[in-house]
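Quick heads-up: it's one chain on its own, the form predicted alone, in structure tokens.
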Amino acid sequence: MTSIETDVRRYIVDKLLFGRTDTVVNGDTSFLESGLIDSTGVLELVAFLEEQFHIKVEDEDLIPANLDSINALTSFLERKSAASVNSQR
């Protein structure tokens, strides 16, 4: 498990599951379909991502393919981090 995935999982348990550890969230569990997140939750998630990972989530990034599961978030953050490093070169 990557550091990114660990941080994302911790956020999901703390904020979306309110610390409950009896609910299993697999890497591909859809936050929307499972009812874990609503529109306000998405905004809070974006704020967490921007603060924790020092990225800017653009409007065009706000799609389920980027934000709707732990695996999607991890991949999105890895791409954003790589793009940030490449743009600084």
Partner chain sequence: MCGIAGFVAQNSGHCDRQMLRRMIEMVNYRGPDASGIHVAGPVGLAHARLSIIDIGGGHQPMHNEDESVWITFNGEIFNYVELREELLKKGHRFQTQSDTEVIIHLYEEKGEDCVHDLNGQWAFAIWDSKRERLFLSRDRLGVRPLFYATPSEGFAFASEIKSLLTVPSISREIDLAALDEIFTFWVTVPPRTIFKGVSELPPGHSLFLEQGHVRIQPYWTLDYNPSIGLQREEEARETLLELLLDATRIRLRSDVPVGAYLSGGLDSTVIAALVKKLGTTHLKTFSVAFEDKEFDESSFQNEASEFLKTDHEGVLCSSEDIGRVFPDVVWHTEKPVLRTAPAPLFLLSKLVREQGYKVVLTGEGSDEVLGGYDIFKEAKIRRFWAKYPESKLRPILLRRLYPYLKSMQSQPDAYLRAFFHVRKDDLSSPFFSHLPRWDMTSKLKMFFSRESRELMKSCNAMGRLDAELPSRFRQWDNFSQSQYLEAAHLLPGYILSSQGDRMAMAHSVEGRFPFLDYRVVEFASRLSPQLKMKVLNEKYLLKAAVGDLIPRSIRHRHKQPYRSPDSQSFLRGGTTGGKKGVLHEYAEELMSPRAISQAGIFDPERVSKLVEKARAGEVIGVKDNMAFVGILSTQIVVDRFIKNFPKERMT
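Numbering follows the first chain given and starts at 1. What you are looking at is a predicted structure, and each value in this text was computed from that prediction instead of being measured.
The discussion below concerns the form predicted together with the partner chain, not included here.
> Within 4.5 Å of the partner chain in the predicted complex - does that hold for a heavy atom of every one of 14, 32 and 63?
Every residue of the candidate spot has a heavy atom within 4.5 Å of the partner chain in the predicted complex.
> Although the partner chain is absent from this view, report whether residue 70 comes within 4.5 Å of it in the predicted complex, heavy atoms only.
Because no heavy atom of residue 70 falls inside 4.5 Å of the partner chain in the predicted complex, the answer is no.
> Residue 28 versus the partner chain, in the predicted complex: is there a non-hydrogen atom within 4.5 Å?
Heavy-atom contact with the partner chain at 4.5 Å: absent for residue 28.
> I'd like to know whether residue 38 contacts the partner chain in the predicted complex, with contact meaning heavy atoms within 4.5 angstroms.
Yes, residue 38 lies within 4.5 Å of the partner chain in the predicted complex.
> For residue 55, is any heavy atom within 4.5 Å of the partner chain in the predicted complex, or not?
Although the partner chain is absent here, residue 55 would stay clear of it in the predicted complex, with no heavy atoms inside 4.5 Å.
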